[in-house]
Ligand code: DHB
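Given next, in structure tokens, is a single chain: the form predicted on its own.
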């Protein structure tokens, strides 16, 4: 079958009806997107001669793996693609500079405790060393950013996040805090050392990675949101530059400028890292994306 099959009257009529393009009402933008999406999927079926059985196997995989969509998105590169796309749009608009954005991941939890600068993130005992991290938050001209809020979250030494820990051992908001910063734009915190981790063994993401001949490992890392009045909210994370998976992160979270090498002293480590924000050009710049996030 040739790709021209997609352009036959019967298929084109089906696309118009399925996307609502031949009727009144509905969201016009959604109709255009849905029609293009359906046509792209149909073209893939024809191009690769995908069988009916293979189509329904894919549907079954997606249904069973719905709980891991937040992992599958970074694992197949789509979340990183969104970063690349936003970077390209910024460059086109002349909005270069600042700390690189990178993937948020699916494990943020809203309403972490708001604490003073210098606080500890860790509530639970953990048989590992300490992480000490500090630095500055400045604007594009080097000015200190006042009254910023730094959201920080990371895994424990077993690679598990509170609220998502399969052992159920962590207390709520362990290794999660929002730091309330002052006029000088400086921040610091301490916590028990995070470890890297793999996707859930045997889960949908793991099955997909194995089928693609890939692994599902992430290096040790720490996630951040940085928000401040008058500045664009930054979504980013640092990967430990000396972690074996720093250069081969399954989630494509590693980016140049986000790979500090910890200063290790015994079983503890020190990281100095400075954030540079862009100025907001609209109220939406100061907010967060509409992504659904866990709440507790």
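Numbering follows the first chain given and starts at 1. Bear in mind the structure is a predicted one, so any value in this text is a computation, not a measurement.
What comes next is about the form predicted in complex with the named molecule, which does not appear here.
Though the named molecule is absent from this view, in the predicted bound form it lies within 4.5 Å of a heavy atom of just one residue from 133, 130, 112, 103, which is 103. Taking a 4.5 Å heavy atom cutoff to the named molecule in the predicted bound form, the contact residue among 137, 220, 179, 71 is 71.
Among residues of the shown chain, residue 121 is not one whose heavy atoms approach the named molecule to within 4.5 Å in the predicted bound form. With a 4.5 Å cutoff on heavy atoms, residue 107 counts as touching the named molecule in the predicted bound form.
Residue contact check for residue 187: none of its heavy atoms lie within 4.5 Å of the named molecule in the predicted bound form. Taking the partner from the other structure, the named molecule in the predicted bound form has a heavy atom within 4.5 Å of a heavy atom of residue 250. In short, of 250-258, 34-42, 265-273, 50-58 it is 250-258 that has heavy atoms within 4.5 Å of the named molecule in the predicted bound form.
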